[in-house]
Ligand code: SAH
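Single chain ahead, written as structure tokens, the form predicted on its own.
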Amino acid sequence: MLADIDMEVAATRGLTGRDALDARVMQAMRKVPRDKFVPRDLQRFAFDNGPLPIGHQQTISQPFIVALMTDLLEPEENKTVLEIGTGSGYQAAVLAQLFRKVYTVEFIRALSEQAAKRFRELRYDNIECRTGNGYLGWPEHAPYDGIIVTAAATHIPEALVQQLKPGGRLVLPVGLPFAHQELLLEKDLQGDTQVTDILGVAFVPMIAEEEAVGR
């Protein structure tokens, strides 16, 4: 899996501007057991460099994308991060290796509860999760040093921008469902934001309140 990530980094460096990912990020990818975050019948594919279904019409992201988005946050061990879209919990587990505290929000209650159970079993004690509307973030613990969104939003949510610390980074895919999406990096430059296109991506859509009926 790590070799595949390195190959993807080399293939996309003209777009991402990265010749290599931070060694700490790669170590976190090595340390987290991805097979513990996928359905049992798909565990034999857990270390392939591709997304996998996790139920509820959601997926666990491709390892390269997990690593790239983590690297774009420029993690530091004394900082806090907010994740929108817990899913199976894999991205949060990677972040937990690199940040002091990880807060993660998932709209689908069943996924949120399953992820919380995994975190307890695997002893990721610095992750706190909740069920909620990701477009609203988690204001009680704001501001955050970094925010990462692991589903495609139709726009950059203003609530997330407001919950970012001065100098912080927001990494998220933006675009219409099942259409062209761009992975964006928004940097807060002490009150003035700068948005950079990183890479074309394909994420499941971020669920809005009205779309979640019956989930």
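Quick caveat, the model's predicted, so the values are computed rather than measured. Residue positions are given as counts along the sequence shown, with the first one as 1.
Not on display, but discussed next: the form predicted together with S-adenosyl-L-homocysteine.
Interface membership of T70, defined by any non-hydrogen atom within 4.5 Å of S-adenosyl-L-homocysteine in the predicted bound form, is ruled out. Proximity of I84 to S-adenosyl-L-homocysteine in the predicted bound form: non-hydrogen atoms within 4.5 Å are present. At least one heavy atom of S88 is located within 4.5 Å of S-adenosyl-L-homocysteine in the predicted bound form. Although the partner is absent here, V105 sits close enough that one of its heavy atoms falls within 4.5 Å of S-adenosyl-L-homocysteine in the predicted bound form. Of the stretches 23-31, 39-47, 149-157, 168-176, only 149-157 has residues with a heavy atom within 4.5 Å of S-adenosyl-L-homocysteine in the predicted bound form. The partner is absent here; in the predicted bound form, the one residue of V201, V9, I198, M206 having a heavy atom within 4.5 Å of S-adenosyl-L-homocysteine is M206.
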